[in-house]
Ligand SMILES: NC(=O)c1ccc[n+]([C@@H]2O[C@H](COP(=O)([O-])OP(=O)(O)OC[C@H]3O[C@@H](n4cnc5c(N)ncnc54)[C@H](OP(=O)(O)O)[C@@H]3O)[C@@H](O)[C@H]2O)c1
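First, one chain by itself in structure tokens, the form predicted on its own.
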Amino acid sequence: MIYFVTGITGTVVPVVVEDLMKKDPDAVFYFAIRKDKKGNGVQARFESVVDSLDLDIPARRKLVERSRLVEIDVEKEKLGINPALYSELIEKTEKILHGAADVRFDQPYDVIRIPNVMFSQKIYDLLDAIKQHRELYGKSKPTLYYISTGYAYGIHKKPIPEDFPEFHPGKPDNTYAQTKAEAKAFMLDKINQRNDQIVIFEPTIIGGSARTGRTKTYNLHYIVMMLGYMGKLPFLTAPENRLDIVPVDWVAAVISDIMAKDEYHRGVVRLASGAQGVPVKSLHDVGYAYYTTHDPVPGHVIPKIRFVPRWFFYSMVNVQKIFYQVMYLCTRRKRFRKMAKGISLLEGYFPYITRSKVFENSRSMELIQKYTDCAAAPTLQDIQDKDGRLIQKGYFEKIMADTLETGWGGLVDFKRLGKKTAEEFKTPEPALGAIRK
């Protein structure tokens, strides 16, 4: 099968490609890629991704041999792809995996709409051209696999429904959710009005691998755990809320199975833990116990987080942000601007933690059981029955071991932390100071 793939430098798509290399012996790839802001070219970026894959050397060599890089510019017509190469894509591509997106929660709408909506529309234009070409020559229809998010539904007081072929999102939590909802609505329209073969995947919060605990990005719940470890988050709220966290390797396994088996071509698959989400308080309690026991910094004291009412929590956050903004205006010290920006970034995470979001997933689990070899998502937390007997072992410890091994991907400097006295950590410092730009 010949695939055109976006998002190879992201979090999920590289793992999907790893799986496809094992499940599709004839896989050939065109990878859409562009230079990054640091000036790294497409070849260097691709080589860096290949080196990071969980494949042996022969498999990596095989992937390189079967790959062609397609340099793109999202804002240009036909993605700025060379006309001859664009024609080649139309002639040869059988399936598209569109997993590229800007996943930041603090971007202006006009900025984030380009990678999340405009890019998706241009990917559909490519699909449409491929479809017309294949119809002309009597070939099977191409399929577009689009990675959306369960959080495209925005604010829902009730469990978030699986309403395909409908889609009724609430008020968006942030511009990321807003643009992902817009892109999903666009794709649904093509399914419903044109009967196109499009599969929309809706993962919830993507965590580290259930097998290894490793992740490529340390966002959302990782940031909260890191701030707790650093003593920078004295207060939190909504301890009863459940975080719907699914491991990246499970998400990739479902997507790659559906792509490789080539039996399911139209609809929406929600990749969620549903009722098995982890309570915020459980995440805190297990994290506190683990980090206290395994702390690599001698003498480091980790304070417990106090759970307070929502109004108090949000009041404290706003007071801190205003304080740092005023201090920056008065002193022009970059430290205060950085802390104010850190709070603004963290505010984008709050809807995922402080608002109750329960995702229905029974319909999608039926699809997953029918079209893949996967079971339900592995739980982050240990699950016990009513008698207290362990019925499902979570992968808490693997994730937390990874954070200590990597310092949350470099966010925490343990050597620097070790130079401070334990006394400094007995009283929590102002929250969010550890957030980096």
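In this text, residue numbers run from 1 along the sequence as written. Here the structure is a predicted model, which means the values were calculated and not measured.
Keep in mind that the form predicted in complex with the named molecule is missing from the display, and what follows is about it.
- Residue in contact with the named molecule in the model of the complex (any heavy atom within 4.5 Å), chosen from Phe359, Tyr153, Tyr176, Tyr324: Tyr176.
- Of the candidates Ser344, Thr292, Asn318, Thr217, Thr217 is the one whose heavy atoms come within 4.5 Å of the named molecule in the model of the complex; the others do not.
- Taken together, the three residues Lys95, Asp196 and Ala260 all stay farther than 4.5 Å from the named molecule in the model of the complex, as judged by their closest heavy atom.
- Residue contact check for Gly208: none of its heavy atoms lie within 4.5 Å of the named molecule in the model of the complex.
- Mapping the unseen interface onto this chain, Phe119 counts among the residues with a heavy atom inside 4.5 Å of the named molecule in the model of the complex.
- For Val74, a non-hydrogen atom is located within 4.5 Å of the named molecule in the model of the complex, even though that partner is not displayed.
- Taking the partner from the other structure, the named molecule in the model of the complex has a heavy atom within 4.5 Å of a heavy atom of Thr149.
- Only one segment in the set 306-314, 224-232, 332-340, 96-104 has residues whose heavy atoms sit within 4.5 Å of the named molecule in the model of the complex; it is 96-104.
- With contact defined as any non-hydrogen atom lying within 4.5 angstroms of the named molecule in the model of the complex, the contacting residues in 30-46 are Arg34, Arg45, given in sequence order.
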